[in-house]
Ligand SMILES: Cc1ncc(COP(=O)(O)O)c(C=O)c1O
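One chain follows as structure tokens, the form predicted on its own.
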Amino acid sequence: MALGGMFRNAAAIYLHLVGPFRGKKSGASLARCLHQTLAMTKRLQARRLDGIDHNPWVEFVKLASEADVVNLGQGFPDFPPPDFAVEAFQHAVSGDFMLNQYTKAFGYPPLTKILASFFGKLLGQDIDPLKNVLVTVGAYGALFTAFQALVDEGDEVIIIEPFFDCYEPMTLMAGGRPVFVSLKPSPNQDGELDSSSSWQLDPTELASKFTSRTKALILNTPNNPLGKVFSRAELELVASLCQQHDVVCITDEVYQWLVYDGCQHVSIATLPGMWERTLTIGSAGKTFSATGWKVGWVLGPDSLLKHLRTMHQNSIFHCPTQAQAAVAQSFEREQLHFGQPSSYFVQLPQAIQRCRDHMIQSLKSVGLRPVIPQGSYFLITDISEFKSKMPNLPGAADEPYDRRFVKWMIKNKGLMAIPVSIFCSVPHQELFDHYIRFCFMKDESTLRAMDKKLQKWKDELRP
């Protein structure tokens, strides 16, 4: 009876599946029916992906690709790395054939050695290349490794906004809770351009964000998108609160060489008592204008880095050897020239400051009000005047104005920027929806193409 029942059940299932196709010729229809019946119904995505699946970058890059647009939105140089870096990469590819193979999991030894030597002097620490350096897949990989290694379910992470937009989703993916505190501009003299230096943290507000659940604070100096370089006094405030509340400081310093107008970059790890609780993140892509190489690093005490190494060895294991070898050779060259006129770290910011100044003057010509950045690839510009004159741009009713403005600008003016509201928490977007971000880390030909677009715009504004 049991066997007969089993056959009857199998026959019933067969009739249920093929019944609709009896007498039909299409085998493909039967295959589709079987696929639909057997398709998975369980939830597929992990809950840590909830709410972070939409990426505005994809939307704006797609819009820009569909028109004749000068791309001033994405943060990458459109000019080559320095000759010595390119030659180092070519040598790594064509020289020692063993560079095609695995290297040490936590970093190619010549690279970890030169990073330890180079940054040890800058940070005032005796850095052990085996214990205090971890090489990662770009600074992005360094950030992700740090969040996954240190942030636990329910931990709070203080994020200073506007912020590089991966900080919030990386916190959420680790199970943490982002806690936001905003930089706010100080009033300036009428007619004068604002400066990123005038954007300040309120000390009382910042202190109020620390609780017993605070695990980490993420600092970005020079800041993306604002271009602010935090002063020593501001860093001392952050350091004091981190020590008072026993909090880790994750400091993203990828633009440390790109500072302007005589401004000085200060690493928070150099302040008293901060090396022991700070992870300092850097990027070869930003350092040598080679963002596609994807070589980054984390420097810090072994008590923190040992947890990042655990995460690293159980995820990517190690980074491409040849790119690491090229970065090592480039740093060795820079160490010999450090502080001299021949140093790339001296020459690059001088050249890029001229690009920054060019863009500032050009944007002013059409009524935009740039905020003069102290560092980084970027400046933000105030579009309040346009918000007053053109308040009803197309777009969803709840869509921040800066996003609608950028879409309008891409379509009608042939210029791409990035809305600053994407660098902010949702509750605070209205504080920043009258700013857009431009990248001035561009070749002279790109800036000339920008000028042509802006001149046409300027002509249209004339009565």
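Please read all numbers here as calculations on a predicted model, not as lab measurements. Counting begins at 1, following the sequence as shown.
What comes next is about the form predicted in complex with the named molecule, which does not appear here.
Highlighted residues L143, V254 and K294: every one comes within 4.5 Å of the named molecule in the predicted complex, counting any heavy atom.
Just one listed stretch, out of 332 to 340, 350 to 358, 199 to 207, 164 to 172, contacts the named molecule in the predicted complex at the 4.5 Å heavy atom level, and that stretch is 164 to 172. The shortest heavy atom separation between N220 and the named molecule in the predicted complex is within 4.5 Å. Proximity of L115 to the named molecule in the predicted complex falls outside the 4.5 Å heavy atom cutoff. Interface membership of V229, defined by any non-hydrogen atom within 4.5 Å of the named molecule in the predicted complex, is ruled out. With a 4.5 Å cutoff on heavy atoms, V157 does not count as touching the named molecule in the predicted complex; it lies far away.
In summary, among the residues V371, A269, A139, I383, the only one with a non-hydrogen atom within 4.5 Å of the named molecule in the predicted complex is A139.
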